[in-house]
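First comes one chain, alone, set out as structure tokens in the form predicted alone.
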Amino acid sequence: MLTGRRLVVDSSRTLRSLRFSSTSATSDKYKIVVVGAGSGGLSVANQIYDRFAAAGKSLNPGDIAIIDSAEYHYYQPGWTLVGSGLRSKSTTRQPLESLIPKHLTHISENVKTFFPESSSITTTSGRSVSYDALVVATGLQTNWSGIQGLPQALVDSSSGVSSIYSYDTCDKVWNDIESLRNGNAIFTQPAGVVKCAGAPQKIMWMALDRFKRTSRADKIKVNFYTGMPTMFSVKKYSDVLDRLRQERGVGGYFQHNLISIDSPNHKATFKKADGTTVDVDYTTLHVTPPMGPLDFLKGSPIVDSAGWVSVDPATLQHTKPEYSNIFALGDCSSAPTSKTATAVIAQAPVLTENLFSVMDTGKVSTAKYDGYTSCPLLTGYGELLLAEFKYGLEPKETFPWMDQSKPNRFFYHLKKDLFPVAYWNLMVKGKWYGNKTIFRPSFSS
């Protein structure tokens, strides 16, 4: 058990030591507060608890609080499988309460304001919660209203418009793919940050393969409209995907950003790099909406000018010395890497080690995050291109001897069969470490 320790900050707000006293599950003071119970929040909360126990300094039940008002927790990578007809969407969610173990306190509210100077937050109900260390894992915001006409089109069963980016709409994707007999199938990707930047084209490849397998491909023209200049940010994989696009007859329209939808007339308007717009007729339209930082984070003292929680890209500790008891991971952080579940898997043990070290010794450990992330790119039924890379968009592959620039069936079954099982049974419990499976990474002292 850790002896009485609480955070001590001098007049220059520099961390000197950490001494904290015991807390209870009913207290509004916690040793560690985790904001957000998505994949990052659940995984890291459990890993932190286990890390203290492994060091022989076990925390008391209730010393860690998770703040999140959500009713359900979602396995979002599964929504592509739903849109491809490979899973029922009910398999992609579970009640959040059922995933939080008894030794973690669940505060079923949302955060309204951060007060890092006093190491506290307030919730939307006005409740004040203080902490010795804070982890922000809130995810990002999907801006459905960022495209004129999109919200209305998504709830209209006859609009032909769908998206894999929400639980409510992912099954509509499959319905639209199955009902299409001829015409124009358009798949979009916005400029800027999105969750798993490969997902917008994953569903396109799956739809195209489905059209071919059901003898409809010769009557359906598939086009990819993207706000980005290339198929993918990493050149090695982008070149492969662009070659596939050309070989399979998919139209490529780059630096075309979807700005509005006229669903009654089945027209989509795109803004080009030169500022001009073009109207395109569609029969079915799969939309990846623009995304960004959550509204409640914008303007907070803990975020950067873009609205992301400002952290050191290697340690995941806040960049301001006076906020050195704050950490962040996942989609809400400023770490310059692709926002994916695999990035969270790589970040969680690094954050855990550094938070533990700060609370135990007053300084971060040697644990460093190198930007590793992965995008399992479905390119058809029975095949997948496994893109893995780190900071600098440099490939960092787990199976280099298999030539990861070529889609194959083994990778496909990792995505379709292994990853969902590992997620629900291991990752949300803090027991999954990606390419290290169930073995926690070790860090030199």
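Note that residue numbering begins at 1 and tracks the sequence as displayed. Worth saying up front: this structure is predicted, and the values here are computed from it rather than measured.
FYI, the form predicted together with a small molecule isn't displayed, but the following is about it.
Picking from 303-311, 153-161, 247-255, 106-114 the stretch near the small molecule in the predicted bound form, with a 4.5 Å limit on heavy atoms, gives 106-114. This chain is displayed alone, yet in the predicted bound form one of A341, V129, I261, A367 has a heavy atom within 4.5 Å of the small molecule; that residue is A341. In summary, among the residues F224, Y323, W174, W79, the only one with a non-hydrogen atom within 4.5 Å of the small molecule in the predicted bound form is W79.
Looking at the small molecule in the predicted bound form, residues Q201, M231 and Y282 place no heavy atom within 4.5 Å of it.
A residue is said to contact a partner when one of its heavy atoms sits within 4.5 Å of a partner heavy atom; K29 fails this definition for the small molecule in the predicted bound form, lying far away.
For the chain shown alone, V44 is not a contact residue for the small molecule in the predicted bound form, no non-hydrogen atom being within 4.5 angstroms. Although the partner is absent here, D68 is a contact residue: one of its heavy atoms lies within 4.5 angstroms of the small molecule in the predicted bound form.
Taking the partner from elsewhere, L294 is found to have a heavy atom lying within 4.5 Å of the small molecule in the predicted bound form.
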